[in-house]
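Only one chain is given next, in structure tokens, and it is the form predicted alone.
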Amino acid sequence: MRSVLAVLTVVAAIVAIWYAACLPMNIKGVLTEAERAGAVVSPEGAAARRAMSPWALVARNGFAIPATWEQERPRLPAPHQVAVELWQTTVNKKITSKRSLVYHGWVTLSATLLGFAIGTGLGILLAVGIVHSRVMDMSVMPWAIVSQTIPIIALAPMIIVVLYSVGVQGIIPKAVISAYLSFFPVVVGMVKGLRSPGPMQLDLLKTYFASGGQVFWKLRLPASMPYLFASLKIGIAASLVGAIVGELPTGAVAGLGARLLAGSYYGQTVQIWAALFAAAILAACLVGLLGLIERVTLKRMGMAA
């Protein structure tokens, strides 16, 4: 109960701050609309209000406070506006509708899972090679680190243009970008995990005349499982980000990235925030699913999750 109460307290504080932030963010637009509708505002004229502090405008026009939480196109939508948009675009829409966030979420999830599978497989293979080969350790690992210094927002258009030029379209370019972001955490985590067995454990297997394969399958791989799952949780979230970023330069018509683009084009800030929350919920579900798989796997292996 203490943990639940602590979480609810933090959530309540965030919501309260969010509502308070809507006042200065939206007050000028609200007063402009009210003035056009014939209401008396202080001071009169948009030019005079532009030079004033938003909080001063709130203090002098208290009647406009409720309207800052109800604007159709606010600068900062109120929490209940985002919640209503989420409800309307998930529960109240058919999942096959192009206005449904479930539909757009599935499009993004498909690219995420494909890219995550590619990135995870590549990361595990590289980690095994790095642990067993001094040459790969000295050559591949530095390049893997350097690759993550390139901003994905700059790299994504280049990847898409190159793949489109050779006729690769659809889900593959987004999956490649997802794999690019997800493979590095897996590489680092697996390298750390495969190297986690101590010298005494390795020496014990040597006394049993264990082969390199037996050392890997009986000792290194089981020892790396906690590290692998920790890196997979980071990788799946990064993969989702990569899928969304991959949708932005292509002008996609489906996917959470497409919803973000459409909202920015038409000034639909409520739609943008709803898509952001949908992405966050999707990421939380994916990480939670990996956590469940981790507990089951480690329990069957006799480890504490």
Partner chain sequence: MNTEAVIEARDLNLTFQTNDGPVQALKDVNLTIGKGDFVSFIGPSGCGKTTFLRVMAALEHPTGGSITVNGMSPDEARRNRAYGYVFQAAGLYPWRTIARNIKLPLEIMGYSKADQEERVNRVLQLVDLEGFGSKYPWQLSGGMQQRASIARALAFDADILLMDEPFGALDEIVRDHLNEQLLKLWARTNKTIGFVTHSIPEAVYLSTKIVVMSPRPGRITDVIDSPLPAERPLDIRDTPEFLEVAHRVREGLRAGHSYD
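Numbering follows the first chain given and starts at 1. Worth saying up front: this structure is predicted, and the values here are computed from it rather than measured.
In what follows, reference is made to the form predicted together with its partner chain, a form of this protein that is not presented.
- Partner contacts here mean any heavy atom within 4.5 Å of its partner chain in the predicted complex, and among 134-142, 149-157, 120-128, 198-206 they occur only in 198-206.
- Residue contact check for residue 169: none of its heavy atoms lie within 4.5 Å of its partner chain in the predicted complex.
- In the predicted complex, its partner chain sits within 4.5 Å of a heavy atom of residue 301.
- Taking the partner from the other structure, its partner chain in the predicted complex has no heavy atom within 4.5 Å of any heavy atom of residue 114.
- Of the heavy atoms in residue 214, some are within 4.5 Å of its partner chain in the predicted complex.
- The putative spot formed by 50, 57 and 65 is not touched by its partner chain in the predicted complex; no residue has a non-hydrogen atom within 4.5 angstroms of it.
- In summary, among the residues 230, 109, 210, 86, the only one with a non-hydrogen atom within 4.5 Å of its partner chain in the predicted complex is 210.
- Contact annotation: of the candidates 93, 218, 75, 192, the single residue with a non-hydrogen atom within 4.5 angstroms of its partner chain in the predicted complex is 218.
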